[in-house]
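Just one chain is shown here, as C-alpha cells, and it is the form predicted alone.
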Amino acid sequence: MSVKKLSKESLLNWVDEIISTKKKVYGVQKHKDKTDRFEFAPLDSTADLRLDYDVTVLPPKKYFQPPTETLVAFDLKGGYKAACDTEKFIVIGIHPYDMIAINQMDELFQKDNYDSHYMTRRNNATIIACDVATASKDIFASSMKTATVKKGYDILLTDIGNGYVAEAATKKGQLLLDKAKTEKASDADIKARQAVWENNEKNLNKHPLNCQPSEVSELLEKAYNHPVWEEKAKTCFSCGSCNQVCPTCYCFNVHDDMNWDLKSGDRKRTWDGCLLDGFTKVAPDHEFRAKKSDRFRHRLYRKGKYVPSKIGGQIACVGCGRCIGACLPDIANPVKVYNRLLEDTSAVKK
C-alpha cells in the first residue's frame, strides 16, 4: 500500500508507541537464559528488541498454534463451553522464512476442516516482518526460495544501513505505520532494499540443496526403500526436537484433563510430532510406524512430498535450520538426506 523510510531513532520511537497500546506485543529479544540465543517473547521495552538476530529458538507459530491450548471446558452433567482466544496482538521481527511457514499454515488450517482456533488468532494478529540482517550458522533459506517474502505480513522492515525501508502491505499495517515518523523512500532507498534482497536470496545458504525444491517430491517418489532411512535412524533418540522447533510442523494431540473434583475438566490440544514413539499408536495398542526408520522417513516425506501435494507444490521446509541445531546426533538436516538421494541414484528403488 505504501513504502516509507524510518530512521533508526524513528523506529525505536514507533516501537515505544506500539508497546504503549493495550494490545499484547511480542518481539525478538535475547533468550531468557542470557546466552547468544534469541526468542520471541512479550516485549516490554524497546531496548530489548533485536531486529539484527540470526534465528529464534522456537518459531513464531507458537502464537498462532500454541504448544498447549484449551478447546472446550466441560462438566459431567453435560455442560460445555468452547474456549477461543480472541485477544488482538502484534508480533515484531518475523523473518521471511518464518512468514512463509505461517502462510503455509494459513492455507492448511483453512483447507478441508476450517480451524477456527488457529484462524481467529491469525486474523487477530498484526505481523511486522523484517528481512534477515544476520545469517544463522545453519540457515539454507536461499536453497528453499524462502530468503525473501512478498506476502502474509502487514508491514515489512528492511535494514538498509542508514535506516529502515518500511512497506505496509495491508490496511491494518498502513494504519499502524501511519503512527510512525516517516519520510518517502527515495529511489536510492528502494535500490538499497533490493540489494539486501538479492544478497539474501543468494547467500543465506549454509547447506546448499543440489536441486530445486520443486524437484524433491519426485526424488522421494523413488526413494521409499532407500537405505538412508535405516542408517540415519540408528542414532535417532526419537526425542521429537526436530518437530518441536520446526515452523511448518503442525501436528497435535487432543486429550481431556479432569479437575480434582472429577466432575469437570478441559479438552486440550498440544503439540505432537511424528518422530515421537507412540505418535501413531491406535487401538488396540497398534502402532503403524513403530520403527524409528519409518518415523524418520515420514518426517522427510511429510516435508517434501505429502504437504506439497496439499498446497500446490510448496515444500514444507523453509530452510530456517532450527532442526539441525536441535538434533543431538546430527541427523535432522533435510538437505543432507535429499543430497544423498540425488548422489546415490543407484540405490534408489521404488
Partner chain sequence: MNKPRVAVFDFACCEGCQLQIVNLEEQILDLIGAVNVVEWREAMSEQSHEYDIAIIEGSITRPEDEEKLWLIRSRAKILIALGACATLGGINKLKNNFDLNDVKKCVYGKDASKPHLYTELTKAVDEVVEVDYKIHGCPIEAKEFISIIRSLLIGKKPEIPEYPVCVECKAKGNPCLWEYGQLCLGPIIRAGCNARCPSAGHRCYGCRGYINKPNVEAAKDVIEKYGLSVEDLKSKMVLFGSRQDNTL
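Residue numbers count along the first chain shown, from 1. Please read these numbers as outputs of a predicted model, since none were measured by experiment.
Although it is not shown, the form predicted together with its partner chain is what the next lines describe.
Annotated contact segment (heavy atom within 4.5 Å of its partner chain in the model of the complex): 228-236, selected among 196-204, 156-164, 128-136, 228-236. A single residue from the set V337, A326, I19, L11 has any heavy atom within 4.5 angstroms of its partner chain in the model of the complex; that residue is A326. The partner is absent here, but in the model of the complex a heavy atom of H255, alone among K179, K151, H255, K171, sits within 4.5 Å of its partner chain. Interface residue remark: D36 is counted as part of the site for its partner chain in the model of the complex, having a heavy atom within 4.5 Å. Remark: L262 counts among the residues lining its partner chain in the model of the complex, judged by a heavy atom distance of 4.5 Å or less. Within this chain, E215 is remote from the site of its partner chain in the model of the complex, having no heavy atom within 4.5 Å. Among residues of the shown chain, P42 is not one whose heavy atoms approach its partner chain to within 4.5 Å in the model of the complex.
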